[in-house]
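Form predicted alone, single chain, as structure tokens, below.
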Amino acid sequence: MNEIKQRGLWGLLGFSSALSSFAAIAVGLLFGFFLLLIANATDAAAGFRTLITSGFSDLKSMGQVLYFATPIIMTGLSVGFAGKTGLFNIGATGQFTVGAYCAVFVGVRFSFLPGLTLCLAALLAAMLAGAIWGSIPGLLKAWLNVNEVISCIMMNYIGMYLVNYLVIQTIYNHRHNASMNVLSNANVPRLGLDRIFRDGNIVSSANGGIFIAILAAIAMYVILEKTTLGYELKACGLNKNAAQYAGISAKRGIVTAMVISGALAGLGGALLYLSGAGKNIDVVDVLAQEGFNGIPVALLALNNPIGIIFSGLFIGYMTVGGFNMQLYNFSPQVVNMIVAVIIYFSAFALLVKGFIQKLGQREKQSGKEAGGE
């Protein structure tokens, strides 16, 4: 009987987690509609309809959803992986930027690599750069007990200014104040998606990067849920002292988690700038928004790797809708405000989940005590 009750409670936990995420989205959309009413009541209904439907309006728009979702799924996985191990990787934007630079540098300068080899080399370079950049806050946390939030914020700005300097010194296009275009074979193959997601002669930017992001999410799930490494990393995040007592190296776990997290964010940078959409690294003193967008993506999915795929697609969908709302003279920044509201309510969802988990622990403990009697 106790086992049945426990299963029911854990089923309720999963249901409540999903329900609270959907509730956060609903409240965010409702808030967005009120913003549109305040800004322009006449076109508010049409603008809101465009926001929630334009992502599915045609195949080209659907392809753009996949394009925008790909890098933020990767940064969401970066934030989510760290979150599963008890760390808050707010440095995904720095890791994303450094990874993007290394991918573009390889894509521009390594012309001696033939065919698809150049693309693979650029992707690996981005992952390595992101892993190195993520390891620095990990080492500071593990060995000097420096809060990872503080060190990650500093590494974001160091990464931004370093990449600006390196772009100017190595791969600078003076006419556009940005990086040079990568070689064509450095781009991720389209895999036929350009022939599917198009509107007549207008082709979307969808490419094989979305499949890489999905595979990364599946790999993250397998690592966390099906391997000894994942068990050790989560144990360190739940209780570092208990993990050490069990023979698990908490310091190694922290560094490993940040290395993997950084590699995921770095790969996200590569997938954006090797998408074949003609996007270059602009030399501006602005942190990459894709890195910060990974935070709501992870929060909305409650750090679940598979859920991050869907929350990333949702944010990509909202981004396309935000651009199309400009037809009614609405600013696309409305989407950012909607996402901000969703973040707050997603945090509330985490509180609800924690409350239900405590109920489960109390019920389990009471069941043990009753069995002992």
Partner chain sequence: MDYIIEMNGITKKFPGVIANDHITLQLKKGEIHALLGENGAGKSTLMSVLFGLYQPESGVILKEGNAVKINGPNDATRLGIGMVHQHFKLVHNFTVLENIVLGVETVKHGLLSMEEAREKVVALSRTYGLEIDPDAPVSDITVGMQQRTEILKMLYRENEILIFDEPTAVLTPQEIAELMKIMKNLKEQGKSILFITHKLNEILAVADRCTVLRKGKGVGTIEVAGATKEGLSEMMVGRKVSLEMAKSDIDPGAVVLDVRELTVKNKITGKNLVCNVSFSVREGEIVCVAGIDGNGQSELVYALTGLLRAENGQVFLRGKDITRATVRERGNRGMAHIPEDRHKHGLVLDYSIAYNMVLQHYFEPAFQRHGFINYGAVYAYAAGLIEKYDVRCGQGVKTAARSMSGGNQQKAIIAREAEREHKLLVAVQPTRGLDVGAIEYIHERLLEERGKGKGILLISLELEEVFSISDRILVIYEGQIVADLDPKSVTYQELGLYMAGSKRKEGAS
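Positions refer to the first chain, counted from 1. Please read these numbers as outputs of a predicted model, since none were measured by experiment.
Just so you know, the form predicted in complex with the partner chain exists too; it's not on screen, but the next bit is about it.
Undergrad: Decide yes or no: are 226, 230 and 241 jointly within 4.5 Å of the partner chain in the predicted complex, with each residue judged by its heavy atoms?
TA: Yes, each of 226, 230 and 241 comes within 4.5 Å of the partner chain in the predicted complex.
Undergrad: Is there any non-hydrogen atom of residue 235 lying within 4.5 Å of the partner chain in the predicted complex?
TA: Residue 235 belongs to the contact set for the partner chain.
Undergrad: Going by a heavy atom distance of 4.5 Å, is residue 222 a contact of the partner chain in the predicted complex?
TA: Flag for residue 222 set to yes.
Undergrad: Consider residue 165 of the chain shown here, and say whether it contacts the partner chain in the predicted complex, taking contact as heavy atoms within 4.5 Å.
TA: Residue 165: no, not in contact with the partner chain in the predicted complex.
Undergrad: Would residue 154 count as a contact of the partner chain in the predicted complex, using a 4.5 angstroms cut-off between non-hydrogen atoms?
TA: Heavy-atom contact with the partner chain at 4.5 Å: absent for residue 154.
Undergrad: Just to confirm the contact call: exactly one of 291-299, 202-210, 245-253, 268-276 touches the partner chain in the predicted complex at a 4.5 Å heavy atom cutoff, so which is it?
TA: Residues of 245-253 come within 4.5 Å of the partner.
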